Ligand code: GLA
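Just one chain is shown here, as structure tokens, and it is the form predicted alone.
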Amino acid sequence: MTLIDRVTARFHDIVGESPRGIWSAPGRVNIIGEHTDYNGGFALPMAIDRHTVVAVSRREDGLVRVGSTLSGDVVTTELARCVPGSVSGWAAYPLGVLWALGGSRGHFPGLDIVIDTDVPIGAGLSSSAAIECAVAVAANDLWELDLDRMQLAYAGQRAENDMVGAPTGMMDQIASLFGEEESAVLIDCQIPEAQAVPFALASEGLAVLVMNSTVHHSHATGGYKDRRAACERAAVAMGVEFLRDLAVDDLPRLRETVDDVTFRRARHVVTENARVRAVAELLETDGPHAIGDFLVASHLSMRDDFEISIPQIDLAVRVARENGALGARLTGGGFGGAAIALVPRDALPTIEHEVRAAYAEAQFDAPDLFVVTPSRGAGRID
């Protein structure tokens, strides 16, 4: 049964009729550029062929009813009461988007929303942003808001920051909304601006392998907030608005200005910004075969300077590299989640076998391994 079939059936169970339409938004993997977004920097994600779908209809009583195929719970509330602090748990993501789009001001009809997804939850593949963006494009259509995609990305970020309480940037939402086939999305998070960068894998005999550790993470927990606070301290100490405004040449002065932990957190961001720009240029000129070393350097920076990796991720990265991957790195916010490996297609079976064997030997829970391809961004599908 497809996502569309499942979400339609669940909608009918809850609402008693077929939905007005079905909208979809992809998850994403970040090729490179971690924790740069809220520092005003650069990131290079791609939308993937794993999606969240939402079945939605209008209702005229001012209520919002939200259900899911993943839970028996159905959350019902007045649209006017969709404000920060009014709801917690998974329903905060879709309801937060409705609030960010102005739903609590009382000008719009209510909605019935049912959600389904095949984006792994808590894996660092932006399952939350996929929900936000699918709901955003649906509400944009049904409420006739005529907002552009960057405005919808802002709404998703506001939902995550203010309703959910996760201090994220908007890279995930931009990736989900601006994705294109055979392309990555180069994001300047300060402007913000998004542009497609060629990332044609099949014609180059390559694949992106996701190695999900199955260790769940949450951006609303303390580790993520601590890293962001350290970056903000470093920017203040150097008299700049964002760490994006620092170059690698500024690092010696930064080292003399802040404590060691704050310095290492900032060093990751400053060097990661440089890596993103280098990878984007290489993809335009030499193609994906040329970027492997930058992926490895990014992972080492996240492991040693930003300290957001975990043993399961480090093991997957090491084993993939030892068995033919051109590069591999943690993807997502860290503290769990997934790694990606850029892999020659003929090496995929060996790498998958060896990663599973290494996890078993280390007595880790079995990883979830799958290949993803660059995909189109959010929109109506039925």
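The numbering used is simple: start at 1 and walk along the sequence shown. Since the model is a prediction, treat every value here as computed from it, not as a measurement.
Heads up, the form predicted together with this ligand isn't pictured, but that's what we're talking about next.
Residues with any non-hydrogen atom within 4.5 angstroms of this ligand in the model of the complex fall in just one of 25-33, 342-350, 54-62, 319-327: 25-33. 169 is the sole member of 292, 192, 120, 169 with a non-hydrogen atom within 4.5 Å of this ligand in the model of the complex. Note on contacts: among 242, 224, 143, 154, the single residue with a heavy atom within 4.5 Å of this ligand in the model of the complex is 224. Among heavy atoms of residue 333, some come within 4.5 Å of this ligand in the model of the complex.
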